[in-house]
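A single chain, nothing else alongside it, follows as structure tokens in the form predicted alone.
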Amino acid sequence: MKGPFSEEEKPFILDAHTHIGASYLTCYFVNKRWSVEELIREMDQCGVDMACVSGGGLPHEIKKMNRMVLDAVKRYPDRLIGFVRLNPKFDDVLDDLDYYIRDQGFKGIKLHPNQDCFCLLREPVLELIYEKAAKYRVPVMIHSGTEPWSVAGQFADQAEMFPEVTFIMAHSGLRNDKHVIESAKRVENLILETSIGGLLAPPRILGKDRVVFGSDWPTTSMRSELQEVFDHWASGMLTEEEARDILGLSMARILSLRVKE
């Protein structure tokens, strides 16, 4: 993996989207569950300093996976940032949110409408989740690119209704959605994330801190997802400032993390 920088100039890299256990795609096709040690090893091999991590697996495994993430974050507090996976159809979803965000220090929320069979804007409990996200000042990352569960216009609508919440569009529509940029331009609190062929838009199109790097590991190779950013930087499609923001500084600011810029 090559970047347009020397070892002394290496950028801070924060992967905004990783999993332990499994991920949406892998859990349906293989029986493997990935450990925190495998995630840390992948990060070390790719030069990734920190990663946001949530539990992955089948819907009935969500509570188990959240506990697994909690253990992982406690073991690697300087490397991992916990995002609690929530299903709005669970009766105790708000209790889980309070426990992991308020009591255990998780820094974000992860929702997967497609896997958990709910549509954005059509699940009343989501409004209560967003109200708590605003209260705790944590971002909400949501899978995108799958009709009718989560499309760009729905993201913009909910971001408009909850302007105090930062919404992260995981995969930036998976390149299936033609309305990503148009929707993101409507609202300033909608962030695009780059994984699995997600739109790698120059931040100047939307504004500073509006595009963040994510790999969705273990669905994809963290190395190949990073290389795409490096290639855009090396080719001049991204300025150095834009590339460094995408690779980690923007997500650090969203999470109010203190890092060396």
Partner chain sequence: MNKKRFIIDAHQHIRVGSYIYSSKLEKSKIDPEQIFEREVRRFKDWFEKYEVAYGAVSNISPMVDRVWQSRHGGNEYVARLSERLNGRIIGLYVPNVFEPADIIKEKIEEAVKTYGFKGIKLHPWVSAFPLNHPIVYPVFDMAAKYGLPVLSHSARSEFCTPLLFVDIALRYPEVPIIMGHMGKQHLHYDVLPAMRLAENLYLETSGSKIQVLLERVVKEFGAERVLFGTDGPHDLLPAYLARIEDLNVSDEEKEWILGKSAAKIFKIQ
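The shown structure was predicted, so the numbers you read here are calculated from the model rather than taken from an experiment. Numbering follows the first chain given and starts at 1.
The same protein also has a form predicted in complex with the partner chain, omitted here; what follows describes it.
For the marked spot (Y28, I196 and D231), a heavy atom within 4.5 Å of the partner chain in the model of the complex is present in each of the three residues.
Looking at K185, you'd find every heavy atom of it more than 4.5 angstroms from the partner chain in the model of the complex.
Using a 4.5 angstroms limit between non-hydrogen atoms, Q104 is distant from the partner chain in the model of the complex.
Proximity of R79 to the partner chain in the model of the complex: non-hydrogen atoms within 4.5 Å are absent; the residue sits far from the partner. Proximity of R223 to the partner chain in the model of the complex falls within the 4.5 Å heavy atom cutoff. Partner proximity in the model of the complex, defined as non-hydrogen atoms within 4.5 angstroms of the partner chain, places exactly one of 64-72, 200-208, 49-57, 214-222 at the interface: 214-222. Residues of 178-192 placing a heavy atom within 4.5 Å of the partner chain in the model of the complex: K178 alone.
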